[in-house]
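Quick setup: one chain, the form predicted alone, written in structure tokens, and binding and motion questions come after.
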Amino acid sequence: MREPTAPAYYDRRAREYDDWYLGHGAWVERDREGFDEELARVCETLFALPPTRSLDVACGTGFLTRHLRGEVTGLDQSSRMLEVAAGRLPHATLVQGDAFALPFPDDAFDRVVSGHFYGHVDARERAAFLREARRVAPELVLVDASREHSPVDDEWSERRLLDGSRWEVYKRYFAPDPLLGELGGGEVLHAGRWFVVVRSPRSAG
């Protein structure tokens, strides 16, 4: 089923989503040399951001969100993802909502963060997300998949969940400089084999 941003997919995947980060379940046999060490560096990069009012868009289970310091709000379209996040983020505000029409006023936050969401959306959706992210905060930090470990720039890949359902998910992979080019400029916070992290001010967009 080709519905990469459908809540149904993420609702069904919520209880197994962290298997990807942790190398459990379907990911046990995957060759991911250096993944764990680089993931730790990405988490350290997020923790090193100055504490402030942050909105994590498409926060999922809160796996990355928990490393943000300051006043944190997590938004996701999936109620089941948010249920998992609630157990991990007892001091955060969690909101079920649409990443393309954020339910917050202008400049409600100092920073928007989003991990492994931007690479799943098409050009039309990307424009809507960036417009909304720039509206609610003067700074945007994106964490996503590195082009370095992928033979292609983008693809539709099949995801088979533990409940037996199969989904086709759109996925892009990024080199940091082209990603910053899409955003209008900014700086690279991390560039590795598995992950890229960039920061882009509103003025760049």
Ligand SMILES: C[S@@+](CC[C@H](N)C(=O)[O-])C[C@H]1O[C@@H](n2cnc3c(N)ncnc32)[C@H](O)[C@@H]1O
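Predicted, not measured: the structure shown is a model, and the values here were computed from it. The first residue of the shown sequence is 1; numbering continues from there.
Although not depicted, the form predicted together with this ligand is the subject of the following passage.
In the predicted bound form, this ligand sits within 4.5 Å of a heavy atom of G60.
In the predicted bound form, no heavy atom of V141 sits within 4.5 Å of this ligand. In the predicted bound form, at least one heavy atom of A99 sits within 4.5 Å of a heavy atom of this ligand. Although the partner is absent from this view, L49 stays clear of this ligand in the predicted bound form, with no non-hydrogen atom inside 4.5 angstroms. Proximity to this ligand in the predicted bound form, defined as a heavy atom within 4.5 Å, singles out one entry of L75, A92, L130, A85, which is L75. Contact check at 4.5 Å (heavy atoms) against this ligand in the predicted bound form: none of F109, R202 and A204 pass.
Contact annotation for 116-133: residues with any non-hydrogen atom within 4.5 angstroms of this ligand in the predicted bound form are H116, F117, H120, listed in sequence order.
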